[in-house]
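What follows is a single chain, given as structure tokens, in the form predicted alone.
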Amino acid sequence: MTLAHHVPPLHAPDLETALEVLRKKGLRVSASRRLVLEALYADRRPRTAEQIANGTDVASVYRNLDTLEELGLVRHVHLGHGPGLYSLDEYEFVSCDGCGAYEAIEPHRLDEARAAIQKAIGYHARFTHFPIVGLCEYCHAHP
């Protein structure tokens, strides 16, 4: 297990910028690494490694995702009871225990929650790797 979720994100708004970041960091732009990045940039929603692999070697996809995460280009999050999801964007998440829905939240929208947690128990909370879990409005109203 890596602590990559502590690595500051690298801003790469498009595929070419991400490839340039790899080169500047001294990493090869292999065909499999390029395919992973192309898949992530083609669909910016969080997805599983299997979805990103799309029939290619999943072990290679996981290795590349680990490398990209260690650099700060990719993030992964665990939403609910399923596999980890990978994304390029730096969001925080809320997830519904009732229906499994999730929402990506701009980090500044949770600043008050983080401040309350810090004041109450001294922790500096992040919701990038694990979401805030609860019930969405619909599931709360329709138990």
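Quick note: we count residues from 1 along the sequence shown, nothing fancier. Everything numeric here is computed off the predicted structure, so don't read it as measured data.
A second form of this protein, the form predicted together with the DNA, is not displayed here; the remarks below concern that form.
In summary, among the residues A116, A42, C99, V29, the only one with a non-hydrogen atom within 4.5 Å of the DNA in the model of the complex is V29. Shown alone here, Q51 lies farther than 4.5 Å from the DNA in the model of the complex, counting heavy atoms only. The shortest heavy atom separation between D57 and the DNA in the model of the complex is within 4.5 Å. Taking the partner from elsewhere, G80 is found to have every heavy atom lying beyond 4.5 Å of the DNA in the model of the complex. The closest heavy atom approach of D66 to the DNA in the model of the complex falls within 4.5 Å.
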